[in-house]
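A single chain, nothing else alongside it, follows as structure tokens in the form predicted alone.
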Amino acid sequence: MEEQRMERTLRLSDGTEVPRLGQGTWYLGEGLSPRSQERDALRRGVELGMTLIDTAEMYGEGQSEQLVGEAIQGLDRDKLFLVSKVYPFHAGRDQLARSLEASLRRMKTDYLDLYLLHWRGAVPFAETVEAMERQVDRGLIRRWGVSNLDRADMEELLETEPGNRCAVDQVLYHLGSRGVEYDLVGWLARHNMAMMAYCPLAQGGRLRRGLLKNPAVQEAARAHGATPAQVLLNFVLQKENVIAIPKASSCAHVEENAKAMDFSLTPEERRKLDQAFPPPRRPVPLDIV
């Protein structure tokens, strides 16, 4: 079977090209794996072109950001695309700036390439947008976006001024959770906003139950000389306008993730995956973990 490689970068609304496959860091830096191993994994990912690294002030209450800061020391900052997220209760005019500055200190960098509202809270969108734009003017962030917002939220955001400068909506998306395909993915593409998929490998626990052992997934894996996890990641990456940010705590896992871009699922394989995990036919609530 002749393999075709998919597009490895995506162009954001301001023309910046970013890797379609990045690195997530949820639970990294919290002592679940040796710290040096996690640092090495992030650096190996950068070597393999996964230069987009996503974190958040929530992850380990800053421990993940600190790990990222350690991992990127000595690397060419201009070649990295660093993302972090602010708690919704820190997303007001004054607190957002303080949270951002704390994140920058932990990450040992002068600016973020993308700063996201982690989920919707009580602070009005207009106030958060104003606070984000102020940080763009200060040069502390290059652009801003949101996370865990559904289409209705995004339409409300777009009514604010200038809500149309939102670059990304980061949401949960994987083969077993396809609700965003009904209306959000297309809506974002029409408004020149990218979708960033967190937990593209379905994380652990019930979300992942049955995915890796599903016959359609295993059949596709055998056909491409891939692992079932690579099939799950490839499925997400074959959607246009989507960036995936799987987490990996070891170099071996990072290398496995990187190889998920080295093949393309055939129409027949996608049909079988659709049969096993049907796309939504009606609006469904946004999945969040």
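Everything numeric here is computed off the predicted structure, so don't read it as measured data. Note that residue numbering follows the sequence shown and begins at 1.
Although not depicted, the form predicted together with a small molecule is the subject of the following passage.
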Of these, N214, N148, T160, Q135, which has a heavy atom no more than 4.5 Å from the small molecule in the model of the complex? N148
Let me know the one among Q63, S249, N241, T51 whose heavy atoms come within 4.5 Å of the small molecule in the model of the complex, would you? S249
Using a 4.5 Å heavy atom cut-off, state whether Y115 contacts the small molecule in the model of the complex. no
Can any non-hydrogen atom of L201 be found within 4.5 angstroms of the small molecule in the model of the complex? yes
Applying a 4.5 Å heavy atom distance criterion, does A229 contact the small molecule in the model of the complex? yes
Applying a 4.5 Å heavy atom distance criterion, does V289 contact the small molecule in the model of the complex? yes
Only one of 20-28, 261-269, 7-15, 274-282 has heavy atoms within 4.5 Å of the small molecule in the model of the complex; I'd like to know which. 20-28
